[in-house]
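This document starts with one chain, in the form predicted alone, laid out as structure tokens.
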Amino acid sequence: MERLRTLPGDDVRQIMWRFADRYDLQMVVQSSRSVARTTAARLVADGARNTHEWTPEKAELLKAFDASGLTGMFMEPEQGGFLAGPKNLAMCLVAFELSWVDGGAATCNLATDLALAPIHERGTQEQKDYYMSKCVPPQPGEDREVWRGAFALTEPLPYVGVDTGVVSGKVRIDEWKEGEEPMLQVEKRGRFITNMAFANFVTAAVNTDDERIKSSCMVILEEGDEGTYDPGAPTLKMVHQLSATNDPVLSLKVPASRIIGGYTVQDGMIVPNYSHGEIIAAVFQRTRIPVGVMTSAKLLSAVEPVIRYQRGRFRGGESKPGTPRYELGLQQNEDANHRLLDVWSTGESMASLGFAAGRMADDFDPIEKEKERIFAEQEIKGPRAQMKALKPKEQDAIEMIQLRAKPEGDRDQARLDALEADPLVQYSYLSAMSNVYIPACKLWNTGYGCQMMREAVAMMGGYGITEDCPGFLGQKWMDAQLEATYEGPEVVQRRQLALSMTGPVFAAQLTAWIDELRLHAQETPGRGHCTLATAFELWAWTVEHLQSAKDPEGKPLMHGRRQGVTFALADALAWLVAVKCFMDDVDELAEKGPMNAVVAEGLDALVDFFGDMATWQAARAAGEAGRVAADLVFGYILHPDCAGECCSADAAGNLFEGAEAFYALRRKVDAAVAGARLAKDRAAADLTKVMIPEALDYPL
């Protein structure tokens, strides 16, 4: 039976990642790829990464971004951009293509968008129009420079970026004349600030240092402002050298109108409309996604170079063409193929999770704006007041999920239509889901992805850590270490995920997923749906059990400060959600593939291959969830006194009330893994036959 012919192409990815009907995004992909595999690849191959300095050679990247249209992608058409509406998926696609070659090039491109993000999310309309328009390349007939921005959140030594709530940058009133706009004095020393070597403006988080300014805020600083605008020395980082990173010193006098989002004057006090925390939360909600996608690109980009290396490992020696040793090289060995399949299936799950999060953010953006409009009309201000107003909508969101899960003929369609038309219900739903997807993407993709990147490098032997390793795998492995810390280290993602994963809306969606997966398991048995459904059941049971369980001292286990419990559950959930996204993409390919003439040929073989990978990845995720569940359920129970008999099945069954239910679920998970190794064998065998190009399409 015919199996996988070639590596998945653009038509396949467009279907899986849901932009087959978006010609504009397809053009964005081609533009990004062109920059990545010419300018960025040449810089890496020529050793441009060997210096911390921002050099004229590296600056060629900026020109390439301008010429390809990537610089203006973040802006609206009326501001000089070319993409209307939300751009989260577009940013993910750009990050994916650039990181396929070099993560530093991707960071360099995304950094100005990150600087603009506070203005985009919370800025006044005047601030948006002014700065967005300055950051697009000049149009024909215009004579001006393109502005670049930098985002300054992290603080000076010694503890960089540990907590976004701790900001040592200060703002105070320098001068406030009667009837005139107040002038502010801003002091900010940044650390690890990307783009700072050439930035024309900085969006900086500062805390109040004046009793006449109520709270922290973010301000816009320009290089022409009165005072010191010192980009500082290059940061001596060992990774992402194609992005400029400095430790700036900023001491500037600026008008109060530079406060992002504006301010009001109340009783002689300046009251920023948004604190720095409110702005950063809105920014990081979205900008963490492309970073997770960046690491997924590294893993998927490793597949072709590793196959080429494995097959050619013994050529040039005594082996002859036509012999297994010559044709297959290391791929004669099951271990080589199995390990590569682990890398590939992880990369697919990471990409699926990242792009799903990007699409969800695109859906969320207009809903969030509509929510803000409604609350403004109702004069509901502040996070607490909004949360209270949204509370009743949670039940409506749960009802919507339950109605969606029913067959069309069995549900109240009119009620479902009404719920789906309510923006506050949609906000409650998308907020709950994105608060799981986005931190899971950033946490799992960059954290576990980094470990798997090390595996990809190891499969190249000593060649993997050389500068001339095909695909720059060694550099990508080192770069991945940094991506795990971008925009909040792993602990920040785990904290957010731990808070979100026990919410009632997500719990309702989880129940609907389990039913949906069971249905898929009946329609396409042996594809891992059953494995994943059972693993979700075990995870949900464990959460419910731990919410009432206590340790031997009577202290609750499910508690915000009990991070040994909550963080472990967050990690396990990230594994499971990633596989769910991968399975959704494979199902989408199976459904939509026949409608694409290019994809239709050989589609069954491709779907079978992806299905086998998803089956194996589901088994890995289920194993991880089972291990975490057993650790937590039993790990906080005192080991009974015994003489070698306490671990018998009968004794263990009495360790806590409800233990039999847990054992039953564990047995179901183990049984549901049946066939997973056979699926891995089939997919691994495909790796020995798939055709690859004669050479990579970018320099070595």
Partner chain sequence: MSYHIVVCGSIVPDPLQTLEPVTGPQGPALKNEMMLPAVLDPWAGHALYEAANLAKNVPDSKVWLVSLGPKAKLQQVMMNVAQKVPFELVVLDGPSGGFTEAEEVAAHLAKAIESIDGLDKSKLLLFGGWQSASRGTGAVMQIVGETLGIVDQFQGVDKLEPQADGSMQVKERMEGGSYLVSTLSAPPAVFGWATGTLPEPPNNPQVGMQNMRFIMPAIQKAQPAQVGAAGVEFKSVELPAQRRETRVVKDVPAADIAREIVDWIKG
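Numbering follows the first chain given and starts at 1. Source: prediction; values computed, not measured.
Only in words, not in the display: the form predicted together with the partner chain, which the text now covers.
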Partner proximity in the model of the complex: residue 11 to the partner chain, non-hydrogen atom cutoff 4.5 Å: yes
Do residue 547 and the partner chain share at least one heavy atom pair within 4.5 Å in the model of the complex? no
Heavy atoms within 4.5 Å of the partner chain in the model of the complex: does residue 139 have any? yes
Does any part of residue 68 reach within 4.5 Å of the partner chain in the model of the complex? Heavy atoms only, please. yes
Looking at 78-86, 105-113, 554-562, 436-444, which lies within 4.5 angstroms of the partner chain in the model of the complex, counting heavy atoms? 78-86
Of 659, 45, 637, 59, the one that lies within 4.5 Å of the partner chain in the model of the complex (heavy atoms): 45
Name the residue from 601, 377, 181, 334 that puts a heavy atom within 4.5 Å of the partner chain in the model of the complex. 601
Using a 4.5 Å cut-off on heavy atoms, what residues in 440-468 are near the partner chain in the model of the complex? 467, 468
